[in-house]
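In the form predicted on its own, a lone chain appears below as structure tokens.
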């Protein structure tokens, strides 16, 4: 497994702490999806999408603003034909590129993704995967194998822990090691935009089993399996304890498919539009960002928690955090 880069960490902390600007641009690059999972609200939102030229200009501005990391996500980036062009442009500007996909189109488009430095695939189970995602698990694995060819960094399988996949977790970790990929885990976030009937079906009902499962993840992490979460984060997930100060809005610039800059993926408070200029929106929203974070009930999204712990110089996270 790759070791943590102190140079990248230093660049991030300089941008965040000294320049007081975000390090990551997290871009909801499209508004369409080829899966209609009932626990996801993003594909249900009717939004426009930025044109290719507008995105390239956004990347130019982000580079001038000091952004080092470009992440393409929501709802399914591989539905955009121009995705390789966009990622290649970000790479040309010197940005690190990453992408999150549901994997349905990986087999067809894997050969186009050499411009993506860090590729993350949503893998929410093994035996339970088809019930959760509606896609054959073997088809997903074939896509991951195709995407592995010629990559500089291992692929990341990201698993959201739910009541449906507790029996699959250890098998999934062993599979990650066998396939030579990384794996990460994330707590299920019960969005208010999704009906209670869905959460009653997929939520955590057996808390004792849930805690045993997360303890197994912690044990296997200590044994050297390719789990990228920090132990600090995994213990928070196990205990459902949000014992950290959130700096998500200081670290990540969240931009929707239609160009709105939002506080974060939980508090979708609009801060401004890209047409107003990134620096202008950032400077004008300082008090609003602070107030929104202060009034938030919190979440356990992997990137938000780990990034916030890095921001606060937590030693264990700084030493072991291997994915931004």
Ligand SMILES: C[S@@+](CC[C@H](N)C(=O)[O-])C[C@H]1O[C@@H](n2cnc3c(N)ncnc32)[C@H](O)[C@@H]1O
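Bear in mind that the values here come from a model prediction, so they are computed numbers and not experimental data. Numbering follows the first chain given and starts at 1.
This protein has a second form, the form predicted together with the ligand, left out of what is shown; the following refers to that one.
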Contact check in the model of the complex: 73, 133 and 301 versus the ligand, with a cutoff of 4.5 Å between any heavy atoms. Do all three pass? yes
Here the chain is shown alone; which of 97, 165, 213, 102 has a heavy atom within 4.5 Å of the ligand in the model of the complex? 102
Since exactly one of 137, 225, 89, 199 fits, which has a heavy atom within 4.5 Å of the ligand in the model of the complex? 199
What stretch, of 289-297, 61-69, 39-47, 275-283, brings heavy atoms to within 4.5 Å of the ligand in the model of the complex? 39-47
Does residue 33 reach the ligand in the model of the complex if we count a contact as any heavy atom within 4.5 Å? yes
Classify residue 265 as contacting or not contacting the ligand in the model of the complex by the rule of any non-hydrogen atom within 4.5 angstroms, answering yes or no. yes
The ligand contact in the model of the complex: residue 119, any heavy atom under 4.5 Å: no
Give a yes/no on whether residue 218 approaches the ligand to within 4.5 Å in the model of the complex, heavy atoms considered. no
